[in-house]
Ligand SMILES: NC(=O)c1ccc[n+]([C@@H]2O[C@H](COP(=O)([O-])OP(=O)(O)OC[C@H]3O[C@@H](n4cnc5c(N)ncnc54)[C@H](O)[C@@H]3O)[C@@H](O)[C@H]2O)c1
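One chain is shown next in structure tokens, namely the form predicted alone.
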Amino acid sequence: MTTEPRPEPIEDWTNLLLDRVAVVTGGAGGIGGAISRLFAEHGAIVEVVDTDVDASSSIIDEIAAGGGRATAHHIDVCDHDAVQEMASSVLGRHGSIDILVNNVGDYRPLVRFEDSSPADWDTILLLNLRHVLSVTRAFLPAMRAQRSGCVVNVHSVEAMRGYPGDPVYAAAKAGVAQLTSSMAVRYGRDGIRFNGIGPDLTQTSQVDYLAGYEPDELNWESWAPVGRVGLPEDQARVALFLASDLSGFVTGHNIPVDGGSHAGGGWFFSRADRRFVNRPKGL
């Protein structure tokens, strides 16, 4: 009688990332800040990469006050040379890393396609796609050498649906999603997993869904199937799952973390007559 193989048991559910080195780009605020905090709470040694000096100092102090370990790197990940220097510093201190979270991205400056120029396209592609190549390439050899690693790419739900507001932004995010799947296939046999997160409807200073509204003015029951605005911690919890051994057999996937907006497919729930409509008028 043969015995089915079983994964190694998880002995400590409060320290899912104990002593693992995690690099989080854009890790000082918003979704990145929530990821940095949660990873540190679960025992990770967090390398926070961010251009905001004050926010970086604040989150490093916050993590330290909670007994966690974190270091800040004040660089712009769109600067390829600065990325190489940062990676050399991190690898010089730790030898390798276990987790990379590529979180930097921005829809701004928003320029409608008919008014856009090649310079606008270059800016959006640099902010949302090319730096992911730079940062991933900087750490990939060390992960391959140790034959283990996990990469979590934070892109957008707009990577997985049509986005009329800025098709170039959507294309850049879709590039990250496709890169995620392709890298998973290419480097899975080296022990490296790649997965992506597609946020939507998540309240941050970058995308402020609540500004200018009273709490009862926004019909979240219509807007999001889960019936509420998302929080950075919602994204962080999925990142923790993807970075930990809980997802050891998951790779190459892009998960919408959006309260169901992608699944809704443009349908809205009308509070007035309690039915679904595909025209938002009068909701």
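Residue indices: 1-based, along the sequence shown. Quantities reported herein were computed from a predicted structural model and do not represent experimental measurements.
Another form exists, predicted in complex with the ligand; not displayed. Remarks below refer to it.
Note on contacts: among 62, 52, 234, 221, the single residue with a heavy atom within 4.5 Å of the ligand in the predicted complex is 52. A heavy atom within 4.5 Å of the ligand in the predicted complex is found for one listed residue only; from 172, 143, 138, 77, this is 77. Across the options 115-123, 148-156, 187-195, 88-96, residues that bring heavy atoms within 4.5 Å of the ligand in the predicted complex belong to 148-156. Although the partner is absent here, residue 68 sits far enough away that none of its heavy atoms falls within 4.5 Å of the ligand in the predicted complex. A residue is said to contact a partner when one of its heavy atoms sits within 4.5 Å of a partner heavy atom; residue 31 meets this definition for the ligand in the predicted complex. The closest heavy atom approach of residue 180 to the ligand in the predicted complex falls outside 4.5 Å. Although the partner is absent here, residue 134 sits far enough away that none of its heavy atoms falls within 4.5 Å of the ligand in the predicted complex. Contacts of stretch 171-210 with the ligand in the predicted complex, defined by any heavy atom lying within 4.5 Å, are made by 173, 199, 200, 201, 202, 204, 205, 206, 207, listed in sequence order.
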